[in-house]
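One chain follows as C-alpha cells, the form predicted on its own.
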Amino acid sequence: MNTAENKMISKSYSHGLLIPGMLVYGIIFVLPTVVSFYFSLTRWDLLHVEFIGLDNFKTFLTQPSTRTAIPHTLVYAIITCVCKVILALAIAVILSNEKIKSRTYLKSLIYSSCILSTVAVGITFTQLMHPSKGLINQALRVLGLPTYKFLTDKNMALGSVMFVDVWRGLGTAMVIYLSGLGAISKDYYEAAAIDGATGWKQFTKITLPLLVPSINSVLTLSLIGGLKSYELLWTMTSGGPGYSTEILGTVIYKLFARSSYGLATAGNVLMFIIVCAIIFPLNSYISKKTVEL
C-alpha cells in the first residue's frame, strides 16, 4: 500500500469520526433551529398548523410591548456587558497580585454568586430592595439617608435589575480573566521593568494585548447573556412597572403563556437574528486583534 493510499484511508477515517458529533449537533441545534424558523411563519398549537407567512413578525414588531422591549434589551445587554468586562478585569488584575494574602478566599467569595440559582438571586434581591421592608432601605433610614423604590419606580427598576445581573456575572468573568492572566509569562513583565516601564505601561502594552482572547470570551458571553436574559427580570419585576423593564425575553414568555405559540416563536427567531447580527461581526473583529503568545 503506497503513501497516497495511506493518506486517503487516514482522511476517510478522520472524517468518519466526525459523523457522530455532527449528528448530535444536527439533532440538538440545527434541526430545532430550522423547525423554529418554519413555525414562526405559522399559526399553530399542539394539534394544528396554519401557514400565515410573515404576519407573526409584523404583529410581534408592532406590539407596544415589543417597541419598548427592543431598546430595553439592547441597553440592558450593552450596559451589563461593559460593566462585567471592566469590573471583572479590574478585580482579576488585583487578585492576581501574589502580595494579597486573602486572594484565594476573595476569589471564592466573588465566584460564589455564580453558583446560585438565578431565580433564588432574583427573589433575594427583590426582598432586599423592597420599598419599605427591604434591608437596603432600612439601612438607609438608619443612616438618615433617603430611601428608594428600586423595583417599583419606572426610572430605577431596569437599573436595579442590571446591578444584580452584573453582581451575579462578575465571578464567571473574573475566572476567565484569571485564566488568561495565568497564561502570560512573567518574562514579559521582567523585561519591561528592566526597560523602565511603569505598572500602567505594563498593563496597557503587555497585559491588555495578551488578554484579548479572554476579553473576547467575556464580551461574547456577557453580551449573549444580556440579549437573551429573562429569568432575573421576570423574577424581580415581571417586566413592570408598566413596560419599564420589558425586554424580548419577558415579551416572548407572556406570549407563550397566553398560547400565542406562533407569535412567540417569531419573537424567538427575531431574538436569534439580533444576537447573531451583533455577536458574529463583533467576535470576528476582536479575534483579529488577538496577539500570539
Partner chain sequence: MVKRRSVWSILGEVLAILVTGITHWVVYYFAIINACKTRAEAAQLNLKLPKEWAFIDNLKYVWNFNNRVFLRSFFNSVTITVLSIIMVIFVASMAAWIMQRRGGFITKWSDKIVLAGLTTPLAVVPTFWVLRTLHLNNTIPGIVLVEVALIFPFSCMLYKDFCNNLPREIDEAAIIDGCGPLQLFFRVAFPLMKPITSAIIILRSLVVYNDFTNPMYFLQGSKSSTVQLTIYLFQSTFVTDYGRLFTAVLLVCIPPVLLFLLLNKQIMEGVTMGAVKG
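Residue numbers count along the first chain shown, from 1. Basically, rigid core = biggest C-alpha set you can superpose within 1.5 Å across the two forms. Treat the numbers as computed from the prediction; the structure is a model and nothing was measured.
One more form of this protein, predicted in complex with the partner chain, exists but is not displayed; see below.
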{"query": "Candidate stretches 170 to 178, 200 to 208, 72 to 80, 140 to 148 - the one whose heavy atoms come within 4.5 Å of the partner chain in the predicted bound form", "finding": "170 to 178"}
{"query": "is_contact(His130, the partner chain) in the predicted bound form, heavy atom dist at most 4.5 Å", "finding": "yes"}
{"query": "4.5 Å heavy atom contact, Thr126 to the partner chain in the predicted bound form", "finding": "yes"}
{"query": "Contact of Tyr243 with the partner chain in the predicted bound form (heavy atom, 4.5 Å)", "finding": "no"}
{"query": "Close approach of Thr66 to the partner chain in the predicted bound form, 4.5 Å, heavy atom", "finding": "no"}
{"query": "Sequence-ordered list of residues in 101 to 134 near the partner chain in the predicted bound form, where near means a heavy atom within 4.5 Å", "finding": "Lys101, Ser102, Tyr105, Leu106, Lys107, Ser108, Leu109, Ile110, Tyr111, Ser112, Ser113, Ile115, Leu116, Ser117, Val119, Ala120, Ile123, Thr124, Phe125, Thr126, Gln127, Leu128, His130, Lys133"}
{"query": "CA of Thr42, rigid core aligned, shift of 2 Å or more between the shown form and the other one", "finding": "yes"}
{"query": "C-alpha of Arg141 moved at least 2 Å between the shown form and the other one on rigid core", "finding": "yes"}
{"query": "Phe280: Cα shift of 2 Å or greater between the shown form and the other one (core-aligned)", "finding": "no"}
{"query": "Direction of C-alpha distance change in the predicted bound form, Ile252 to Val24 (at least 3 Å)", "finding": "closer"}
